[in-house]
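The chain below stands alone, shown as C-alpha coordinates; this is the form predicted on its own.
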(Lines give C-alpha, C1' and ligand atoms only; values in the text may rest on other atoms or scores of the structure.)
Protein backbone atom coordinates (compact mmCIF):
# COMPACT_ATOMS: atom_id res chain seq x y z
CA UNK A 1 0.00 0.00 0.00
CA UNK A 2 2.88 2.39 0.74
CA UNK A 3 4.21 1.85 -2.79
CA UNK A 4 0.79 2.67 -4.23
CA UNK A 5 0.61 5.90 -2.19
CA UNK A 6 4.07 6.98 -3.39
CA UNK A 7 3.13 6.09 -6.97
CA UNK A 8 -0.07 8.15 -6.70
CA UNK A 9 1.82 11.15 -5.37
CA UNK A 10 4.30 10.93 -8.25
CA UNK A 11 1.51 10.62 -10.84
CA UNK A 12 -0.38 13.58 -9.37
CA UNK A 13 2.73 15.76 -9.30
CA UNK A 14 3.47 14.88 -12.93
CA UNK A 15 -0.09 15.11 -14.29
CA UNK A 16 -0.86 18.40 -12.55
CA UNK A 17 2.57 19.97 -13.16
CA UNK A 18 3.22 20.52 -9.46
CA UNK A 19 6.98 20.85 -10.05
CA UNK A 20 7.59 22.60 -6.73
CA UNK A 21 6.38 19.52 -4.78
CA UNK A 22 7.96 16.15 -4.07
CA UNK A 23 6.08 13.01 -2.99
CA UNK A 24 7.44 13.57 0.51
CA UNK A 25 5.74 17.00 0.62
CA UNK A 26 2.28 15.41 0.32
CA UNK A 27 0.95 13.76 3.47
CA UNK A 28 -1.19 10.64 3.02
CA UNK A 29 -4.12 12.21 4.89
CA UNK A 30 -3.74 15.76 3.51
CA UNK A 31 -6.86 17.11 1.80
CA UNK A 32 -6.45 17.29 -1.96
CA UNK A 33 -9.21 19.87 -2.53
CA UNK A 34 -10.04 23.01 -0.55
CA UNK A 35 -7.35 23.33 2.07
CA UNK A 36 -4.31 21.11 1.62
CA UNK A 37 -3.15 20.86 -1.99
CA UNK A 38 -5.95 23.20 -3.11
CA UNK A 39 -6.75 21.26 -6.29
CA UNK A 40 -9.69 22.39 -8.43
CA UNK A 41 -12.29 20.82 -10.74
CA UNK A 42 -9.89 20.66 -13.70
CA UNK A 43 -7.45 18.76 -11.49
CA UNK A 44 -10.29 16.37 -10.57
CA UNK A 45 -10.64 15.49 -14.25
CA UNK A 46 -6.94 14.62 -14.36
CA UNK A 47 -7.38 12.36 -11.32
CA UNK A 48 -10.27 10.59 -13.06
CA UNK A 49 -8.02 10.02 -16.08
CA UNK A 50 -5.28 8.57 -13.85
CA UNK A 51 -7.79 6.14 -12.29
CA UNK A 52 -9.01 5.03 -15.70
CA UNK A 53 -5.72 4.88 -17.61
CA UNK A 54 -3.42 3.51 -14.92
CA UNK A 55 -5.73 1.38 -12.78
CA UNK A 56 -8.65 0.46 -15.05
CA UNK A 57 -11.21 2.16 -12.81
CA UNK A 58 -14.08 4.01 -14.47
CA UNK A 59 -15.68 6.57 -12.19
CA UNK A 60 -19.36 6.64 -13.10
CA UNK A 61 -20.73 8.61 -10.15
CA UNK A 62 -19.30 12.13 -9.63
CA UNK A 63 -20.53 12.11 -6.03
CA UNK A 64 -18.27 9.13 -5.35
CA UNK A 65 -15.34 11.15 -6.68
CA UNK A 66 -15.61 13.67 -3.87
CA UNK A 67 -15.07 10.92 -1.29
CA UNK A 68 -12.47 9.00 -3.32
CA UNK A 69 -10.35 12.10 -4.00
CA UNK A 70 -10.41 13.35 -0.41
CA UNK A 71 -6.77 12.36 0.19
CA UNK A 72 -3.99 10.08 -1.04
CA UNK A 73 -5.11 7.59 1.62
CA UNK A 74 -8.71 7.43 0.35
CA UNK A 75 -7.54 7.20 -3.28
CA UNK A 76 -5.14 4.35 -2.49
CA UNK A 77 -7.83 2.44 -0.56
CA UNK A 78 -10.31 2.81 -3.42
CA UNK A 79 -7.75 1.74 -6.03
CA UNK A 80 -6.69 -1.22 -3.91
CA UNK A 81 -10.30 -2.44 -3.70
CA UNK A 82 -11.37 -1.71 -7.29
CA UNK A 83 -8.41 -1.86 -9.66
CA UNK A 84 -8.49 -4.05 -12.74
CA UNK A 85 -4.89 -3.31 -13.86
Partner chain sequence: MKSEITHYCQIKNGKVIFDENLLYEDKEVDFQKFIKNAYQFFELDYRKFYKMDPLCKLAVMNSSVLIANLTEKLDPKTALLLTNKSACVDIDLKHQKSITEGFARPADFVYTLPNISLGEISIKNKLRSENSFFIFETFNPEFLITYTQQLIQTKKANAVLAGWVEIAENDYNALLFLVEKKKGIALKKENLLNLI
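Numbering follows the first chain given and starts at 1. Because the structure is predicted, anything quoted here is derived from the model rather than measured.
Separately, the form predicted together with the partner chain exists; it is not shown, and the next lines address it.
- Within this chain, residue 29 is remote from the site of the partner chain in the predicted bound form, having no heavy atom within 4.5 Å.
- Not displayed here, the partner chain is kept clear of residue 22 by more than 4.5 Å at the level of heavy atoms in the predicted bound form.
- Residues of 44-61 lying near the partner chain in the predicted bound form, listed in sequence order, are 45, 46, 49, 52, 53, the criterion being any heavy atom within 4.5 Å.
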